[in-house]
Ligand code: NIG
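Take a look at this one chain, the form predicted on its own, written out in C-alpha cells.
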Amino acid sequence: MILTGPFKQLLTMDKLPEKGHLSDEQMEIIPDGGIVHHNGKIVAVGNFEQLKVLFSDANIELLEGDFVGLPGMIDVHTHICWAGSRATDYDMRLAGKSYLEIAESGGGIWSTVQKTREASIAELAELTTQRAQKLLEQGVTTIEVKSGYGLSIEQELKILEAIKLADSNSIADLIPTCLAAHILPKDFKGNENEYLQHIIEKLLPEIKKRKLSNRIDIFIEKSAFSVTAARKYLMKAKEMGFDITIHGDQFSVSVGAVALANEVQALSIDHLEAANKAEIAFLAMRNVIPVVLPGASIGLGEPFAPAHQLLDAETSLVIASDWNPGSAPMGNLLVEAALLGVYEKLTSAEVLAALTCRAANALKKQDRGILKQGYIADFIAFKTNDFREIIYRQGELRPGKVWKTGKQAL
C-alpha cells in the first residue's frame, strides 16, 4: 500500500453533476491532500497527515514542492493510428482551399488511407505507441483510438490489430473504436448502402470474434454517409452488442445526425461545430453526450462547437483532441481545451470535468476520471499551488508527474 502526497490541492472531481454548467466552487478540493492506493486501485483520499495515521503501514511516496493533483485525463476521440503526413493538405488550406476542395484534388482522408494501407501492423503499432506516449506525457492516461484509414475488411482488421498491439506496448489504456464507416472508399464497387452492408456481414462479426473492439462510429455528413444509410448500419451494430458513437454536425446541420444519435441511443455525438439552437435543444432531450473537438476547429480554421450553449441547455460536455493527420494535427488536448474555454467562456471546473469525470462517461468507463475509493489509481500532478494556473497557462503548464494504475510513469 502506498500513500502519495502531499498535494497542495487535490481535485477529486467527485460529486459533480453529469450535466449543465459547473462553478469552480462546486469542485471538491482537498488541501494538503493524499491518495492511498494498492494494486492499481484507490483505497482512500483525504488529508495527507490524517491518512498517514489511518494507514500507518503504507509506504510514503513523498512529493517535494507544491503540486496540484487531479485524475488522469481521458481523450475520448482520436485517430492516432495512421501512417504518412497531410502537411500538403495543410499548406493548401492556408492558401485558401476548402476541406472538400482538398479532398477532390487527391488529398484528404483518402490520401491517409493509401499511406496507412502500405504500412504493416508492426509499423502502425509503433506509430500509435509513440503518439500515445506523447499524450501520456500531457497527462492523458486513457485514449480512445479509431480505425477508419483502412476502409476495407482486411485493412480495417489490420488497423484494429495494430491498436491492440499498441495497447499492449503502451502505459496509457487504448480504447479501440471501429470507424470503417469513415467515408465511402473510392475503390469500393457499390453505393453507401452496399458498403455498409458489406461491413455488417464481413467485418463486424470478425471484430467480435477477435475481440478487437466493442465500439462503432460513423461519419454522417454530405461528404460521407447519409442518415438513412447510417440508421440501418447502426441499428444492426447495436443488435450485435456494439456501443455507438457518431461523427455529426461538423460542416452541416441539415443531415439529421443529432436526431439519429437520439434514436439509436448513441453514447456520444462528436464534433457539433455546425449545431444550431434547435439541434442543441433536441440533444438535451436525451442522454447522448456531446463531445466537442476544438483541435479540428483550430486545424481547419473553423468556428468552435457551441460548448457554452450546450451547457446552457443542461447537456453534458466532453472535450477531446480529435488528433488526426488532416483536420486536427496538433494532438495537444490541454492546449485545445484551454483555448476552447477562452472563446466559449467555460469555467475551469467545466473544462477539467470535460477531460476527466464527464469524459469517462462517454467511454462507459465508470472506474476512472474521479479520485475516489475503488477507482483506478490514474492521477496527475501539476507543479503549482493553484489549480486555476492549469487553464490560465493555456497548456504551457504540463503535468510534472503522471501515475498510471498507481505506478509513476512520468
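The first residue of the shown sequence is 1; numbering continues from there. As the structure is a computational prediction, the values presented were derived from the model and not from experiment.
Heads up, the form predicted together with this ligand isn't pictured, but that's what we're talking about next.
Student: Taking 4.5 Å between heavy atoms as the contact cutoff, choose which of Lys158, His182, Arg131, Arg215 touches this ligand in the predicted bound form.
Tutor: Contact check passes for His182.
Student: Can you pick the one in Phe304, Phe225, Tyr195, Tyr99 that has a heavy atom within 4.5 Å of this ligand in the predicted bound form?
Tutor: Exactly one residue meets the criterion: Tyr99.
Student: Heavy atoms within 4.5 Å of this ligand in the predicted bound form: which stretch among 169 to 177, 281 to 289, 318 to 326, 196 to 204?
Tutor: This holds for exactly one stretch, 318 to 326.
Student: Looking at this ligand in the predicted bound form, is some heavy atom of each of Thr141, Arg358 and Ala362 within 4.5 Å of it?
Tutor: Checking in the predicted bound form: none of Thr141, Arg358 and Ala362 is within 4.5 Å of this ligand.
Student: Should Thr245 be classed as touching this ligand in the predicted bound form when contacts are defined as heavy atoms within 4.5 Å?
Tutor: No.
Student: Could you confirm whether Ile109 comes within 4.5 Å of this ligand in the predicted bound form, counting heavy atoms only?
Tutor: So Ile109 counts as contacting this ligand.
Student: Does Phe219 make contact with this ligand in the predicted bound form, using a 4.5 Å heavy atom cut-off?
Tutor: Yes, Phe219 sits close enough to this ligand in the predicted bound form that at least one of its heavy atoms falls within 4.5 Å.
Student: Enumerate the residues of 379 to 397 that have a non-hydrogen atom within 4.5 Å of this ligand in the predicted bound form, in sequence order, or give none.
Tutor: Heavy-atom contacts to this ligand in the predicted bound form: nothing from 379 to 397.
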